[in-house]
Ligand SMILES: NC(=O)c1ccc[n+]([C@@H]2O[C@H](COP(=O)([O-])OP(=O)(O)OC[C@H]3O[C@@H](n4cnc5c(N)ncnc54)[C@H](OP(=O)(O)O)[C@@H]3O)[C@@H](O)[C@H]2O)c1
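First comes one chain, alone, set out as structure tokens in the form predicted alone.
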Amino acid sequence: MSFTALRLFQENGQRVSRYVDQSLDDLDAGDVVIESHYAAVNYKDARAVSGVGNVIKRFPCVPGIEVSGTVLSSTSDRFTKGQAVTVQGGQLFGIRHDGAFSQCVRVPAEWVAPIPEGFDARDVVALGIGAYTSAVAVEELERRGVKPQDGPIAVTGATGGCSSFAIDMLAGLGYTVVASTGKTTAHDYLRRIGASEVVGRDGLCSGDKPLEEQRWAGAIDAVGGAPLDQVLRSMKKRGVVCSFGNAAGEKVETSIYPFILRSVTLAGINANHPVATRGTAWTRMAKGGDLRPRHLDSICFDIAFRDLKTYCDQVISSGIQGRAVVNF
């Protein structure tokens, strides 16, 4: 059989992606062959497709870390032809092993999970690692005792997929959410999905002192860099910051005073977990769950597979709003 994949090559010191015609023999080995129906586009996927950074660890390789579809064939007795399945998470798929941006995917059986009850083929990747990461961060705030009555929650990089989900989830639980973005045209979108207030990137902190006005009971940081420093310096006593992104920088320079004088907690969030290993943060996102985004159709939108490369280039050049889903 013949199908199309978007494959990344390394040529003359440059990383270049292009659509190629493939057969199963061109894909990495695996027990399960899946016909792709939907794939998510995370920020790291856009970087991979555009050849930015060091996301892909082997060349050539098909990027994309989340896909859903139906089983075409399986040598494992765990899966049968026609079964609805998804592949998400882990450290290899779409990084060291051919990934999601292909009309057919072949992977080891242990990477595959049936689409869980409460999800369908589209929303299992429309939510996917993006919403799951946000849900893990929200649960971390809850676990560390941050309550809606304690004060507002700041969310940085607010227009991105993960942050959009975080805003929606937090507002649904009764928190007051303040969204931070540099995109002045996105304010209506952010208020529509749950933000009570929208501030610019310079609105997170009132000045440049080691400790500034106490504003935030909690924060979800998707960008790192200077915005993370601003959030830390303006946290309330015993506030909690959950951090999982680096779009504004991989390093942060900050003061020790928020930690030793205000007992602020900086909690790292890594939610790159296969579906089968996800816990309550995942089940709470199923239909009827209290972390199910109320504005999923506003946050997520479909793009055609043929438009994926152009879309990824746009993400790198001008940023992202919401979460794109490739509809094969």
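All figures in this text were calculated on a predicted structure; none of them were measured in a lab. The first residue of the shown sequence is 1; numbering continues from there.
Not pictured, yet referred to below: the form predicted together with this ligand.
**Student:** Please tell me whether any heavy atom belonging to residue 272 falls inside 4.5 Å of a heavy atom of this ligand, as the geometry stands in the model of the complex.
**Tutor:** Yes - in the model of the complex, heavy atoms of residue 272 and this ligand come within 4.5 Å of each other.
**Student:** Report yes if any heavy atom of residue 244 sits within 4.5 Å of a heavy atom of this ligand in the model of the complex; otherwise report no.
**Tutor:** Contact with this ligand, yes.
**Student:** Mark residue 258 yes when one of its heavy atoms lies within 4.5 Å of a heavy atom of this ligand in the model of the complex, and no otherwise.
**Tutor:** The answer is no: residue 258 has no heavy atom within 4.5 Å of this ligand.
**Student:** Can residue 42 be called a contact residue for this ligand in the model of the complex at 4.5 Å between heavy atoms?
**Tutor:** Although this ligand is absent here, residue 42 would touch it in the model of the complex, with heavy atoms inside 4.5 Å.
**Student:** Which one, 135, 162, 240, 125, lies within 4.5 Å of this ligand in the model of the complex by heavy atoms?
**Tutor:** Only one option qualifies, and that one is 162.
**Student:** Quick one: from 147, 187, 201, 96, grab the residue that has a heavy atom within 4.5 Å of this ligand in the model of the complex.
**Tutor:** It is 201 that has a heavy atom within 4.5 Å of the partner.
**Student:** Can you check 42-50, 295-303, 282-290, 22-30 and let me know which stretch has heavy atoms within 4.5 Å of this ligand in the model of the complex?
**Tutor:** Among the candidates, contact is made by 42-50.
**Student:** Who in 177-200 is close to this ligand in the model of the complex, meaning a heavy atom within 4.5 Å?
**Tutor:** 180, 181, 182, 183 sit within 4.5 Å of the partner.
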